[in-house]
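Next up is one chain by itself, shown in structure tokens, the form predicted alone.
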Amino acid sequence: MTYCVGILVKDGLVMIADTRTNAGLDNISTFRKLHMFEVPGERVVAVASAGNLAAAQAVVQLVSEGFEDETGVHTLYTVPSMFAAAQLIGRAVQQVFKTDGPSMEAMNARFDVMLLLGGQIGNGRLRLFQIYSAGNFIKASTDTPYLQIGEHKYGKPILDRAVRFDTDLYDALKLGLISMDSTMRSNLGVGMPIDMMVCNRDALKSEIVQRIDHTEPYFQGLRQSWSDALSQAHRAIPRPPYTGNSEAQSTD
């Protein structure tokens, strides 16, 4: 299991991914799931993956080495736009399924890989896509400025309540980290270290590329502050007026 989130706001893009892979309670490993493809001044592209680790790694390898057709070899370093980048990753997913899908299905293993693609190329727009196991994809919008893959349900309520397209970029980063903390607290299959990337709109380079481990002071403070804030919030809300002596009776 894993959790990855991308948040696209007016000032830039945030992408965050955990690194835990889990093949059982006693078989836990760490693998990078957030990959950067960056040429400062030309393009900044980030890819986060969830699902079957072998399939995800094969997809990332294909878009790194590229597909060859009559016009040449195309990689995430050469595609002319983010839409073309999403198409390239979709083709890579389909190729991996064509190669590995039948043998996985023969072993009763479901082909399961999803990816987030975010970034900006040249004069194009800063964009965020989610690519599915079939190779098709959707994009984030001003109405839906974030996308999640993996174990998303625990972090989603925070983002639903707080993230808007006009949210400050570093507030978006803070909210993304809170959603990651909430997910880790509720699912042991998601865990540290955490990889994150922040880029400003039209900068064509990453502002932050960083790994957070259990010793990082800001994240530890954020976890405690969020827990304290939740405790204070529920104590501040009036207690329910309902009692065990309600006169309401069933009319059965």
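When you see a residue number, it is the position in the sequence shown, counting from 1. As the structure is a computational prediction, the values presented were derived from the model and not from experiment.
Keep in mind that the form predicted together with another copy of the chain is missing from the display, and what follows is about it.
By the criterion of a heavy atom within 4.5 Å, R127 is excluded from the residues contacting another copy of the chain in the predicted complex. Residue contact with another copy of the chain in the predicted complex: K153 places a heavy atom within 4.5 Å of it. D112 falls outside the set of residues with a heavy atom inside 4.5 Å of another copy of the chain in the predicted complex. Another copy of the chain is not drawn, but in the predicted complex it has a heavy atom within 4.5 Å of R211. Contact with another copy of the chain in the predicted complex, judged as any non-hydrogen atom within 4.5 angstroms, is confined among 137-145, 167-175, 104-112, 82-90 to 167-175. Every residue in the set L222, S227 and L230 has a non-hydrogen atom no more than 4.5 Å from another copy of the chain in the predicted complex. If you take 175-191 and check each residue for a heavy atom within 4.5 Å of another copy of the chain in the predicted complex, you get L175, L177, I178, D181, S182, R185, S186, in sequence order.
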